[in-house]
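Shown below, as structure tokens, is a lone chain in the form predicted on its own; questions about how it binds or moves come after it.
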Amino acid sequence: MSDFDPRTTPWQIDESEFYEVEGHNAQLAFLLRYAVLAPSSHNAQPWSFAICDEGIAVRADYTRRLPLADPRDRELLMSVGASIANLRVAAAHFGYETTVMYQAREEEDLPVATVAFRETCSPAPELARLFPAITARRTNRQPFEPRTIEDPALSALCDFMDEHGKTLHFVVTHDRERIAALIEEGDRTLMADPAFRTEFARWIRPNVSSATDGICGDAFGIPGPISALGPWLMRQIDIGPAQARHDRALAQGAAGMIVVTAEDDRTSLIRAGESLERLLLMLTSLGISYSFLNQPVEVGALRGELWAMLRSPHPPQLLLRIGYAVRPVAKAMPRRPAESVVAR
């Protein structure tokens, strides 16, 4: 592992190695290399896996929870759902049909789901076609170009959104400015809390680091020498007013905004995370960038205001903007090696 670079090595998967692996369990372990590339809040990667007789048991790693940003573990569970989506997409690419069996009981020591695998000559095409996007997907927190989504991409995206209409919703044009104001207010509220900033600071990493989780400074546009000061600055300074103006501008300049909705129970959140990751892979395959602006969901009163704007019986869980990036993300965020999150 001496040559392991957490920002490059996990993302450089030679898929031909799958066919050199001997044994069913070893092939399932190989598929987990794609599962761990899923997005997660603060890049906390709150998942673990165990290969079992039924397939792969998927667990939520509650030691990686965010008590202030995500006190009810909603984002944590959606992150785990995103890893399941990656696992299923990779499985379809390599010729497996998958079935997800969700655990109804919500004890933290139980798996949230078990994914079963069956070899097939006709894996789900709607999953398999997303496979190339797994290693290409990046969250882009920088400004987007001031142009609309091109018609062919918009048509494909609308079709996908229709298929997931209970979970994914476009923000209508006349609500955009109101939601931008909620984002601004959310930033000011969250960043005014020193405890929230301290929690966030724990997950900020220098641009060059051996850390296998967290968000590196360059994701926020912080250059290398200064990025090491990021955690200290976050703890010491209330950047809420400046961040609020910045994020409001990001929302106003987006080509579109999408809200993820679901009930607050564990299975609904896991399923929402699966739909979310499939959306992100679809966006990536269409050349469309995205980033999250979850501030209105993370502040209780603002979440209620956002929900009142939506045409959904289910509460909002995540908010993201989409558009065409001015600059692509130069380097992926770090990842833990897959073998480190597989129970023995």
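Keep in mind the model is a prediction, meaning the values are calculated, not measured. Note that residue numbering begins at 1 and tracks the sequence as displayed.
Keep in mind that the form predicted in complex with a small molecule is missing from the display, and what follows is about it.
- Within 4.5 Å of the small molecule in the predicted bound form, a heavy atom is found for not a single one of Ile84, Tyr102 and Ser268.
- With the partner omitted from this view, the residue of Ser48, Asn43, Gln27, Ser285 that lies near the small molecule in the predicted bound form is Asn43 [heavy atom within 4.5 Å].
- Contact with the small molecule in the predicted bound form, defined as a heavy atom within 4.5 Å, holds for exactly one of Ala254, Val115, Val171, Ile215, namely Ile215.
- Not displayed here, the small molecule is kept clear of Leu281 by more than 4.5 Å at the level of heavy atoms in the predicted bound form.
- Though the partner is left out of this view, Ala35 does not reach within 4.5 Å of the small molecule in the predicted bound form, counting heavy atoms only.
- Taking the partner from the other structure, the small molecule in the predicted bound form has no heavy atom within 4.5 Å of any heavy atom of Asn207.
- Contact check for Glu75: a heavy atom falls within 4.5 Å of the small molecule in the predicted bound form.
- The stretch from 222 to 230, 256 to 264, 158 to 166, 75 to 83 that comes within 4.5 Å of the small molecule in the predicted bound form, counting heavy atoms only, is 75 to 83.
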